[in-house]
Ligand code: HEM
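One chain is shown next in structure tokens, namely the form predicted on its own.
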């Protein structure tokens, strides 16, 4: 009975378009593969293998998988940059940089929920809340740094024209060692971000009851009836 009443007071809003959802899951899988293979490249495991040498070249396979995942990660990222200009209002770039007073107020409200845990009031945003959007903006910058340093390192051993475009990165950063350290540190930043991200998605799903988790699969969120009009008024502030 309670679920029926909640359904009567909710409306569905199509938030995440198919390209955004594809980007999200391809990005998540790419980062997972890159972190695992990157860690193995940085700290290779010594294996004894009595099989034929052509079947025991596991480290070369790990590096190949890492490079393939890197290309997928990069071009998926470039596509998301493009979609920030042509996507719906929840995907556009003006959501990711807080330039309105209402966005900064929402950042404080989210901190009260996520960090201080002094409030369980649902956040007004239908798409990403202001703090999440700002965090994703810095995450995009981290994606750029990781791509530049990765392809910069790859340029020295690749005959392909594309990695060669990034050969200037290593000299600017002071050599291979510095570039590898930056690349490695950012890998751990991605790991920490992923842990926090997964936790907060489930936490906001519990607090807001708007289908945050399932929305990145189906694209739809459940919003209280009349809430969209309130959001439109606050956006103008």
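Positions refer to the first chain, counted from 1. Note that this is a predicted model, so its numbers are computed, not measured.
The form predicted together with the named molecule is left out here; the points below concern that form.
- Partner contact region in the predicted bound form: 70 to 78, out of 132 to 140, 70 to 78, 98 to 106, 83 to 91, criterion any non-hydrogen atom within 4.5 Å of the named molecule.
- Using a 4.5 Å heavy atom cutoff, none of 24, 212 and 219 lies near the named molecule in the predicted bound form.
- Comment: the named molecule is not present in this chain, but in the predicted bound form one of 207, 173, 31, 200 has a heavy atom within 4.5 Å of it, namely 31.
- In the predicted bound form, residue 126 stays away from the named molecule, with no heavy atom inside 4.5 Å.
- Taking the partner from elsewhere, residue 41 is found to have a heavy atom lying within 4.5 Å of the named molecule in the predicted bound form.
- Contact between residue 153 and the named molecule in the predicted bound form is found at the 4.5 Å heavy atom cutoff.
- In the predicted bound form, the named molecule sits beyond 4.5 Å of every heavy atom of residue 169.
- The partner is not shown here, but in the predicted bound form the stretch 169 to 192 reaches within 4.5 angstroms of the named molecule through a heavy atom at 180, 183, 184, 187, 190.
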